[in-house]
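Let's start with one chain on its own, the form predicted alone, as structure tokens.
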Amino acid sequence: MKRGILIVFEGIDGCGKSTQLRRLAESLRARGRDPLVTREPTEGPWGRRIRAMARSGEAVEPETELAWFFEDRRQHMREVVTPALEAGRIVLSDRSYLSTVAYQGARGLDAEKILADSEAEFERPDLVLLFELHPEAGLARVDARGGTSEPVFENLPFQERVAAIFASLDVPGLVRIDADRAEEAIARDVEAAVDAAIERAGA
């Protein structure tokens, strides 16, 4: 069986990646595809611990935070992503290890080392859709949508550092998407990039 492809949606908080992932999943299903939709942090024990910490407003040490993300991702790869890829499915993931590079890099850890360690251990994305938006605009969207806030991550100085690391990324399969546009226009660019990736992979 031909291996599936891994497509990840990346960007700062409020960039619109989750909305675009949902739109793409609906479009693929309408065309007879059966994508697996997943996200990081997961709903597993490590992912729940990360989310609880982010919402508490009380950050743990960066090294502890990084260890939690790696444990969550190991379980996610082992139980969800790798089996789906081996079954030939298209996997759409809301965040990946590239978010760890950017976010934990912004917490003061070595972003290049996180990237190298992650690429050595985890499934590498076939396509990275990086949604670029000014952090002030992203946080304004976060405020507008309401819901539970994550003050550990959702503050302007931190998001500016995250955005700077995302801007410096140079990894295979990276497509930068201007997220400061109408949702429909962004969706067209997303579909074009994904269709090209599927064709290249013969999936």
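No experiment lies behind these values; they were computed from the predicted model shown. Sequential numbering from 1, following the sequence displayed.
The same protein also exists as the form predicted in complex with a small molecule; that form is not shown, yet it is the one meant from here on.
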| item | value |
| --- | --- |
| Contact label in the model of the complex: Glu160 to the small molecule, heavy atom within 4.5 Å | no |
| In the model of the complex, Pro41 touching the small molecule (heavy atom, 4.5 Å) | yes |
| Partner proximity in the model of the complex: Arg51 to the small molecule, non-hydrogen atom cutoff 4.5 Å | yes |
| Non-hydrogen atom contact Tyr103 with the small molecule in the model of the complex at 4.5 angstroms | yes |
| The small molecule in the model of the complex: contacting segment from 170-178, 65-73, 133-141, 25-33, heavy atom within 4.5 Å | 65-73 |
